[in-house]
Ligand code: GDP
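In the form predicted alone, a lone chain appears below as structure tokens.
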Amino acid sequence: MPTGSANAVVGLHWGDEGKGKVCDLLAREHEVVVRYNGGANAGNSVVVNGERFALHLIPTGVLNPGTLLVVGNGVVVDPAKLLDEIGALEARGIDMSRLFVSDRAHVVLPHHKAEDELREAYLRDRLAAAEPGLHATGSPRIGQIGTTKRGIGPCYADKVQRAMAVRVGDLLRPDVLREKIDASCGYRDILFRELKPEGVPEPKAGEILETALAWGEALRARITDTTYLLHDRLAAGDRVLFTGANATLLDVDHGTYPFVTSSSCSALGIGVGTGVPTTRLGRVLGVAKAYCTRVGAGPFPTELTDELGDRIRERGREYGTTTGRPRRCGWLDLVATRYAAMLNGATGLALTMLDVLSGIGELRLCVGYHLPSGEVTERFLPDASELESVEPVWETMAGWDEDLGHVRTPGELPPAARAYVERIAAFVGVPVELISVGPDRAQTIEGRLG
């Protein structure tokens, strides 16, 4: 598999593409697996021999004994969630002594979660009070972003505002930690006095400090300078696999802004999130579903809001790993997929959930956008207000009725399924190298198509 000492797995849509399964498969061929962005707002599901594992902060390589696990500096760490996750995995007999966390990663504190909830409530109330319709520019009125309320955005905001931000290394420095928490909570007092709705607990600096110091002691043996750790491992000849949370169309710079997450989700974020330059990458595997899904608010040109969308959701088990929220489902948007593959420098595609499309009949692919001007474009529009106004240009293909769960080689695919995969590869301009036909690790087709 690896063509270089460092490789990456990235999602090409709005997340939930099945990166967890792909990372789990590829981790067997790497000595180190690194998480480079995001927080506990995202999750990876892996099924091994019928046993399901839900991972949120810990890199997916955890199910491969001996693999070193690294949480990079680009991640925002909720220590309570991380410690719960470590404990749950240890209870299932998994060795967690090989997990290390960057001392430069930022810490999600209780007041970040409270602020996240306040902000969403403010935007919800603002939208409810506004007159219906559009702004004069034609863009949708600004409402809720649809966050998971896990404090991710406020934590990243503190990171770039610098003075009051808490990093994982600070958990081991009581005096520094006390000063930062006092300042951060004091600053937020104004916000909470103005916006505090019922049910949102007001942060108390003393309680937060006590909790944070306990986190530091619990994590002390794992906290280190992971940038040097990774460079040392690469120099020693180890193969390193990078994996992120969320996905390219949720990237804070290159996604459907403002309906995005707060970090760099694409392969472009690896250098910033780990200290390892992207020039070290040998292979970038872009993961896409055979259809599209999205959670939360934001434009979704190919969304199906009918019974077919419901059928795909139920058959594909399209409910969030972290929140349980139902995912919005729709046809595969090849324009978006090609854009994301371009941004990531994808050298291959992993196509997941192909089995979900069995028995549907005629399938649709979005191969362009009708613009309000009457023009047609094959270029993705990452600005939400622009993407909201497009209509898909459809291409139809024959479906197939056969169950794909038992298929293990490209040659066993029904002709219509093979044609569907080859059309995706041709449009995106990147070969499909892995196909998932079921949730279990074993339900995978490896082989190049397109």
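From 1 onward, residues are counted along the sequence shown. Bear in mind that the values here come from a model prediction, so they are computed numbers and not experimental data.
The same protein also has a form predicted in complex with the ligand, omitted here; what follows describes it.
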Among Asp333, Asp355, Asp158, Glu115, just one has a heavy atom within 4.5 Å of the ligand in the predicted bound form, namely Asp355
So in the predicted bound form, is the ligand close enough to Arg52 to count as touching (4.5 Å, heavy atoms)?
yes
Heavy atom to heavy atom, is Leu68 within 4.5 Å of the ligand in the predicted bound form?
no
Are any of the heavy atoms in Val432 no more than 4.5 Å from a heavy atom of the ligand in the predicted bound form?
no
Mark Arg233 yes when one of its heavy atoms lies within 4.5 Å of a heavy atom of the ligand in the predicted bound form, and no otherwise.
no
Within 4.5 angstroms, counting heavy atoms, which one of the listed stretches 215-223, 165-173, 102-110, 355-363 is next to the ligand in the predicted bound form?
355-363
In the predicted bound form, do Lys19, Asn44 and Ser436 all put a heavy atom within 4.5 Å of the ligand?
yes
